[in-house]
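The chain below stands alone and is given as structure tokens, in the form predicted alone.
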């Protein structure tokens, strides 16, 4: 059974297993860019600054892909969703010589204002005047930082706003949603939790609903399979976490 709805599924918390297979093309692409926003770092490389930024963006995309599988990170690539990491002062209003430098992360998206966080410290205040070093050294420094970084803040504050899919198939036995992607596409396991943002048409009104949904297995239907369900077979199936939400979802027209 299907209903007329449009949905977006955004990451809330996923049990990522690692990088998705190279052949998987399903997850939402996120362009990854790197900027030497702090003048001290940018000036160090002069005319080579753009090449250094692109090189570090390559490293960042690889590091993130190893640990986050629900989206596809593409370095220096145009995409609707862009993750821009910048080396800059923690206090951008300061002009002092001994200010901490770190990594700012900004998510640019077509459907919401840009969001930005100060994510990781790179050079503490007592090391602020240390030489920037070569391009290779800086790239290695950023790679080491990301390899051990806590990704929770990045996922919770920014990446959760990237839709995993703009469509899904609502179902009523059991109540839930099938997503047109496999577990391997998203590199998630059962019991990973997604946020379902649903726009439900009720008469002349369009009602916004939001649910937490747990991945509970792969979608399967006893024959005969409805035509609308065929593209979702053997894809991820999710069910509302809250019992009240299950009843609400089942009752929605």
Partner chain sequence: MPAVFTVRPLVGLTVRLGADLRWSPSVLLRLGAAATGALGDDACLHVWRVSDGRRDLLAADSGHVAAAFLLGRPRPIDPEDVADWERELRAARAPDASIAALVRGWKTPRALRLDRPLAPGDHLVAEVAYPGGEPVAVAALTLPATDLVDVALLDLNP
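Nothing here was measured: the structure is a model prediction, and the numbers come from that model. Numbering follows the first chain given and starts at 1.
Same protein, other form: the form predicted in complex with its partner chain, not shown, and the subject of what follows.
Looking at 150 to 158, 172 to 180, 126 to 134, 75 to 83, the stretch with residues near its partner chain in the predicted complex, meaning non-hydrogen atoms within 4.5 angstroms, turns out to be 126 to 134.
Although the partner is absent here, residue 202 is not a contact residue: none of its heavy atoms lies within 4.5 angstroms of its partner chain in the predicted complex. Not displayed here, its partner chain is approached by residue 40 to within 4.5 Å at the level of heavy atoms in the predicted complex. By the criterion of a heavy atom within 4.5 Å, residue 113 is excluded from the residues contacting its partner chain in the predicted complex. Contact annotation: residue 108 falls outside 4.5 Å of its partner chain in the predicted complex, judged by heavy atom distances. Of the residues in 94 to 130, those that come within 4.5 Å of its partner chain in the predicted complex through at least one heavy atom are, in sequence order, 94, 95, 96, 97, 98, 99, 101, 125, 126, 128, 129, 130.
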